[in-house]
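For reference, the chain that follows is the form predicted alone, supplied as structure tokens.
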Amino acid sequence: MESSASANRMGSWALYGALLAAWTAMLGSLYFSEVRGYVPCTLCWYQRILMYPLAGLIAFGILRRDRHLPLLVLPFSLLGQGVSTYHYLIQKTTIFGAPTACAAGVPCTTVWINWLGFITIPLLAMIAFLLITIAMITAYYSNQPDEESETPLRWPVVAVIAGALLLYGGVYAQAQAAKEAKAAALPVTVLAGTEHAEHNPVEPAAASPALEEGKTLYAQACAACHGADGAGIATLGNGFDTSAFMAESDDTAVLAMVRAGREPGAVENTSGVAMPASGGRPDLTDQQLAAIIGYIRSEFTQK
């Protein structure tokens, strides 16, 4: 009897763990796209399609004490595991050949984050799907409570969802406040940069990185949204050849704008999509960004 009760508790905790993993993954992906401005690629959307329903499905399954919940969840989590694993492998290896651009214009090899040198968004998704899969298998093989039992308890479902939403709301509000502060400070930076020079970079031209480095970095960090030819991609990034900001601002001002990012509602932003701070590549140094800016000016704004 004690062994059965222990198995029941294990199954219940597994379900709560799956619920927490699903909500963390869903709100985490929304944070990356809606707060940080990282544009999801096609494979990212496939993973969202498989993850987002689980946030509701697991919650309702626990509330209804549905013994068949693992059988409903496992097809989603296993398929999601496969997609996220494939996505991570094309980011970090050459097993599947050369990188290709997704239909949305953003290459699926784009690495928006690279924590500790190996943690990317697909890896985070893969971990979430794996945790949900393990939890569902655990719940399936545990002795599930009968209808008369009060376990699994229903109130943890509300607690998990409320806690996740409150945390996301707090982070979102803080990020928006930081963005507004940066946006308010940006015009001052631009004016300060344009008072003394027309197109002089942050450092003298002789100290700027080679254009070849700028070309390589542009292809890696910018071409996905602004196009290989710098003409821009609709709903992703502006073109440089018609950019009044690039024509009227010096490199100091452009670098400040890139570091701050640009909101969808900014006057100069005609794409309707947020440009993430540092172009989504916070790992790039000021010198590397200066090399990119020099390449853009050389190839796309002086024709």
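From 1 onward, residues are counted along the sequence shown. We call the rigid core the largest set of C-alpha positions that still match within 1.5 Å between the two forms. Keep in mind the model is a prediction, meaning the values are calculated, not measured.
Only in words, not in the display: the form predicted in complex with a small molecule, which the text now covers.
When the small molecule is considered in the predicted bound form, F32 lies well away from it, no heavy atom lying within 4.5 Å. Though the partner is left out of this view, P276 does reach within 4.5 Å of the small molecule in the predicted bound form, counting heavy atoms only.
Although the partner is absent here, L284 is a contact residue: one of its heavy atoms lies within 4.5 angstroms of the small molecule in the predicted bound form.
The shortest heavy atom separation between Y38 and the small molecule in the predicted bound form exceeds 4.5 Å.
Although the small molecule is omitted here, in the predicted bound form none of Y46, V73 and H87 has a heavy atom within 4.5 Å of it. Distance criterion of 4.5 Å from any heavy atom to the small molecule in the predicted bound form singles out V258 from the list L27, L69, A59, V258. In plain terms, the part of the chain that comes close to the small molecule in the predicted bound form, with a heavy atom within 4.5 Å, is 224-232 out of 111-119, 224-232, 134-142, 165-173.
Core-aligned CA deviation for I49 between this form and the one not shown: less than 2 Å. In this overlay on the rigid core, G279 has a C-alpha that sits 2 Å or more away from its partner position between this form and the one not shown. Core-superposed comparison between this form and the one not shown: the C-alpha position of E34 differs by less than 2 Å. CA of A274 to CA of G169: farther apart by 3 Å or more in the predicted bound form than in the shown form. Compared with the form shown here, the C-alpha atoms of R36 and Y295 sit at least 3 Å closer together in the predicted bound form.
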